[in-house]
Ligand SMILES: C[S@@+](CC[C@H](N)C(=O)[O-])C[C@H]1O[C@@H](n2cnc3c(N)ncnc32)[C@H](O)[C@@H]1O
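One chain follows as structure tokens, the form predicted alone.
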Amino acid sequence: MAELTALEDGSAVRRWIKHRVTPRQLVWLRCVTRGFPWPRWGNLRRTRPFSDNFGFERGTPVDRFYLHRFLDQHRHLITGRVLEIQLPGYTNRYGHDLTATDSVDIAAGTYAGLTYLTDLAQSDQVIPDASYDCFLLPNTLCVMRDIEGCLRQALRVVKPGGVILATSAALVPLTGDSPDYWHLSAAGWRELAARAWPGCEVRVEQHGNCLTATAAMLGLVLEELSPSELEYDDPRFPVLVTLYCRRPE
């Protein structure tokens, strides 16, 4: 009986508190009484990011940590005849024993030495079949409108045994100056890859955590984070998704 009275008294106290404090104060009370951490926002409490340009003017955007690590891990595959979207910057940076460094873009003027001016999804009559050992698609899948068409065409142009190395943005700001269509999780990209790359060896992984995702959204850069903060992966907070595809021999 005494225990029941105590429970009823406790419920009455909680009801009394809820009617006399604001929702914000109630959250603070819960955190204090239950030992939950309380945020110290400082200058992170803002509705505008520190950078409107992904942090380029501050340093290196956070997602580049995962992109560069991915390409470095696969640099042994970036060899022979290599095709890259837009310009062959990463081909030259990470490739070796190169016999061709070609490029493809839908828009003229981005690179003076552009090899193919075409929509990748409609490139059947432009880029030859099975002509490349490696196709690099860094950070571009999210802005391709006909994404399945692009994935199929990417597979068409690599040789049997050739590879596609691609990355796509997840929890980062949208480009803003052009349509940005596909910010998918690894599970979403696996579904697309299964349809566009049947029978291929495919590996899809996601990289990032709540801190790096927050930093990316705010326009902070990887130089402002520690290596341990960047290297920790939490599958709930992907900053970048990486895709590896090897065409069957």
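These numbers were taken from a predicted model, which means no experiment stands behind them. When you see a residue number, it is the position in the sequence shown, counting from 1.
Heads up, the form predicted in complex with the named molecule isn't pictured, but that's what we're talking about next.
- Message: The chain here is shown without the named molecule. Which stretch in 73-81, 153-161, 94-102, 132-140 comes within 4.5 angstroms of it in the predicted bound form, by heavy atom distance?
- Response: Flagged stretch: 132-140.
- Query: Is it true that 169, 213 and 230 each have at least one non-hydrogen atom within 4.5 Å of the named molecule in the predicted bound form?
  - Reply: No, none of 169, 213 and 230 comes within 4.5 Å of the named molecule in the predicted bound form.
- With a 4.5 Å heavy atom cut-off, would you call residue 165 a contact of the named molecule in the predicted bound form? Residue 165 lies outside the contact set for the named molecule.
- Decide whether residue 86 counts as a contact residue for the named molecule in the predicted bound form under a heavy atom distance cut-off of 4.5 Å. Residue 86: contacts the named molecule in the predicted bound form.
- Task: Flag residue 107 as yes or no: does it have a non-hydrogen atom within 4.5 angstroms of any non-hydrogen atom of the named molecule in the predicted bound form?
- Result: Answer yes; at least one heavy atom of residue 107 falls within 4.5 Å of the named molecule in the predicted bound form.
- Query: Would residue 148 show up as a contact with the named molecule in the predicted bound form if we use heavy atoms at 4.5 Å?
  - Reply: So residue 148 does not count as contacting the named molecule.
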